[in-house]
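A lone chain, given as structure tokens: the form predicted alone.
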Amino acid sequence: MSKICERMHAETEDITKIILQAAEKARAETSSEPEPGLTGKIKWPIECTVGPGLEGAIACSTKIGYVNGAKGWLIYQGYDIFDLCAHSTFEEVSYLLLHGHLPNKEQLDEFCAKLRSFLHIPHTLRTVMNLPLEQLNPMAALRFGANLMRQRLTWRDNESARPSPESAIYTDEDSIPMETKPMGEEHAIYEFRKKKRQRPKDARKNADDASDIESCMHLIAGMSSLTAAIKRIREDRLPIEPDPTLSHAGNLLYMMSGKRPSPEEERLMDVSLILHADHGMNASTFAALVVASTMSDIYFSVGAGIAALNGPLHGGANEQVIKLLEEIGSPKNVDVWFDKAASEKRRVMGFGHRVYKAYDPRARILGPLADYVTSKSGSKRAKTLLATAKKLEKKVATTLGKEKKIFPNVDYYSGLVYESMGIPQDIFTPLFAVSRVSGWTARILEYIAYNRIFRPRALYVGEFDKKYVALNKR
């Protein structure tokens, strides 16, 4: 761990204890066997049950992350999320996701130094400042910023850098046997190949090729600087240069507020970033991989992830949780509100998850941390919101929790943590992207090493043999 992060951990031992207590409780409620059929080596082709929206489909294999929804597990490269939150840092976790192993001291120091230097994106920020950000969704501004980083930091827009179609694999012929007789094969043939692009002679010095670890690091750092700048510009304030004495999480808070965060605030943001860094084949990760599989580049692929995360079915739920708690008003209103919501079959935001049928491990950590930060530094409003949230959780746990295995998810408490640190609600989802970019980029690197373009099929349910009718006879 770097000296900066060592200091942060040393001064926040009480937060480490809270996380370890959450880990102990979680491990007491689950067993240690992974899911059969969803772990281990794959021999293609495989059979699986697929629902609408590719639900249940197996699209690829990965070593990066594993989610066991039945038991409430979240694993990064073999490491349990509780251990990482208690003992690691976002910088170290990002290294782990990208490289597949924890760094030694020299490797981590070099990685952290590069990340800090990559926080400086003055040319990109100058262009972003020309946008009417007060009229833009912050996620739209963030996606635009990612494209501006691509233009400035890579040589991909050079005419000589355009990818050659001849270097791609024509996968439509080998993916489904006998689909186009007589050219098809009796059995499917699966080829995986990546061809390294050559650096153009006219490329700018220090420009990257948008397909390696350095590109990933530019994006991990850049998302933080862009999000902080977007927040400040929307408040009619100028962006702030990063502080080299702060961690990645500390700089994120500093560049947003202009004030050096307390060790507790720095650590809370660090834990939040770790918790959101990766989470299986979710919609934004899948969107990023689909774009990457076409032989596009990491910047465009991350832009697709940002676009997917902007959708209300994926990102933004923690904003809605705060709005819901504001609507309820206080703990004393919970019972009446819940009974009315249940009679109207209204969804309770922040509860339930597409994958988890046990308590979300991220919520196990964020719940007590929300209690911690609110009791220490939260406003009267934040304390009322938290008290309302705790009362509502008890109500849901005694009803829906027992019947339908519905528990709080990561969004239920993350917004309360951010609220207590004075972060505005419209920045909650960009913060999600600041963290998840490490998972997106790691999975993109992993996938394109053995790339195969995504090519699912649709089941045609339309008509046949319809006759064309001339326009004057319709």
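Here the structure is a predicted model, which means the values were calculated and not measured. A residue's number is simply how far along the shown sequence it sits, counting from 1.
What comes next is about the form predicted together with a small molecule, which does not appear here.
What is the one choice in Lys391, His314, Arg260, Arg152 with a heavy atom within 4.5 Å of the small molecule in the predicted complex? Spelling it out, the residue with a heavy atom inside the cut-off is His314.
Interface residue in the predicted complex among Pro242, Pro138, Gly352, Gly72, criterion: non-hydrogen atom within 4.5 angstroms of the small molecule: Only one listed residue qualifies here, and that residue is Gly352.
Whether Leu400, Phe432 and Arg436 jointly form a contact site for the small molecule in the predicted complex is the question; each needs a heavy atom within 4.5 Å. Affirmative, all three are within 4.5 Å.
Stretch from 441-449, 40-48, 422-430, 407-415 whose residues place a heavy atom within 4.5 Å of the small molecule in the predicted complex: One stretch meets the cut-off, namely 407-415.
Is the gap between Asn282 and the small molecule in the predicted complex 4.5 Å or less for some heavy atom pair? It does: once the small molecule is placed as it appears in the predicted complex, Asn282 has a heavy atom within 4.5 Å of it.
Does any part of Arg237 reach within 4.5 Å of the small molecule in the predicted complex? Heavy atoms only, please. The answer is no: Arg237 has no heavy atom within 4.5 Å of the small molecule.
Even though the small molecule is not shown here, does Arg362 get within 4.5 Å of it in the predicted complex, heavy atoms only? Contact check for Arg362: yes, within 4.5 Å of the small molecule in the predicted complex.
So, in the predicted complex, is Ile121 in contact with the small molecule at a 4.5 angstroms heavy atom limit? Because no heavy atom of Ile121 falls inside 4.5 Å of the small molecule in the predicted complex, the answer is no.
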